[in-house]
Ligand SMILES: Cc1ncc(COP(=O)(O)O)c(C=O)c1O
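Below sits a lone chain in structure tokens, taken as the form predicted on its own.
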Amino acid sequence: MVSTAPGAMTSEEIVALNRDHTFFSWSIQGQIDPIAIDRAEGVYLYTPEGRRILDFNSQLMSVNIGHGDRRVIAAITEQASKLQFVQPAFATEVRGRLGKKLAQILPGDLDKVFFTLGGAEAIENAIKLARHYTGRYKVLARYRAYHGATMGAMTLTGDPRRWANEPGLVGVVRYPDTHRWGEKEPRPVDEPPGSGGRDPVRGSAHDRGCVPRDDRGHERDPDPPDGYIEGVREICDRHGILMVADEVMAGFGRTGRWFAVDHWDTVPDLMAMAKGLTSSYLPLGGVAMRRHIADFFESKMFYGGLTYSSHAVSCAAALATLDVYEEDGLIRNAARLDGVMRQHHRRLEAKHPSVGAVRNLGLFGIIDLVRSRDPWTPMTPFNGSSDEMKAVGAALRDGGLYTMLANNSIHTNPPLCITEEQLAEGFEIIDRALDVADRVVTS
């Protein structure tokens, strides 16, 4: 039996204390069952009793460099011992150095950054910057997108988490998503594209990796399909609309490039970032802007601000994190493991009738579970859960793996420092857990 260190709290005591006096997000408080974590290193989490858990979701797709990197911890400690905080009207060396470093890796002429404390705040300030610059108030967002939990970001969010928080921001217009999963009559691979301008599917040779199959066995368009991002850029240019890229989750190597838009050689006008910027060692986000937008505010007031914008210790964490990406070749590793993850996904799809679709780009992956592939029937109802998905989650937890389960999907988003052996370890745990889901299909 493994016990805690003398004087340390047990998992049970930590959970009880947290439940008694703290409030959990996205939860019915009486139903939560959190795991107590004492420390973390690399791709593993450890309970107070020393049980090891493989972090297969980088927490919230954010601890990209892995846990416990001493180089980042040292940078945080050094900055904290020198200067902890000055209000954002002051200038600091670490703030300037971080801005310059980001300008070197950001796409195109995105070379100035307004720092926030997270991704939702980055979205809020991207809205403000766009509205101030254009003089327009309408904001277009994809129907099922998720952009954050603050009021403006939540209004842009298309999934059901928005509903309880309405009414929100005025002027939001939604346009359709590009994927076709769950559609009753999906377009066959050999059918000509419609008026949306999609190219026919190119199957597994597509450079963005795994292409899921529909409930007739036809390969589906990747999301987004060829030309989509470039087409959005062209439409925005044609109509004088600012294009805003939300790279909060996809940025900083997750897809095998610095930023997801780099796959399509497209430069947005504004880019929101967070999560992987500091690998979540400390809170920090930002909005990058193109030079002509930044120049506009040389003579115009920007009506926005945050007490903790450009926080010195967070900036130090970000600088050190960016160095780790480069020193350890983590973005190259994510690109290299793109095909390895795809092979694992396909093996599970071939083996388990409960796997309806798989896809990934770099180390950004997901597995969709179904009750039936024909007709296509997800394992859960829309915006719901099911006993089967709960059982799969319990099997993953018992097997020593943490990841996110959302609706009928299992996320596969490990830290970018993961090895092939550790990746295989995670997929073996998922493989065993899928036996639980298979029983629903075979019965």
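All values reported here derive from a predicted model rather than from experimental measurement. Sequential numbering from 1, following the sequence displayed.
There is also a form predicted together with this ligand; it is not shown, and the following applies to it.
Checking P224, G118, G99, G365 for any heavy atom within 4.5 Å of this ligand in the predicted complex turns up a single hit: G118. The contact residue chosen from A357, V113, M341, V248 relative to this ligand in the predicted complex is V248, the criterion being a non-hydrogen atom within 4.5 angstroms.
Taking the partner from elsewhere, Y146 is found to have a heavy atom lying within 4.5 Å of this ligand in the predicted complex.
By the criterion of a heavy atom within 4.5 Å, H345 is excluded from the residues contacting this ligand in the predicted complex. Though the partner is left out of this view, R254 does not reach within 4.5 Å of this ligand in the predicted complex, counting heavy atoms only. Interface residue remark: H311 is not counted as part of the site for this ligand in the predicted complex, having no heavy atom within 4.5 Å. Look at 103-111, 240-248, 368-376, 287-295: in the predicted complex, residues with non-hydrogen atoms within 4.5 angstroms of this ligand sit in 240-248. In the predicted complex, not one residue of 340-361 has a heavy atom within 4.5 Å of this ligand.
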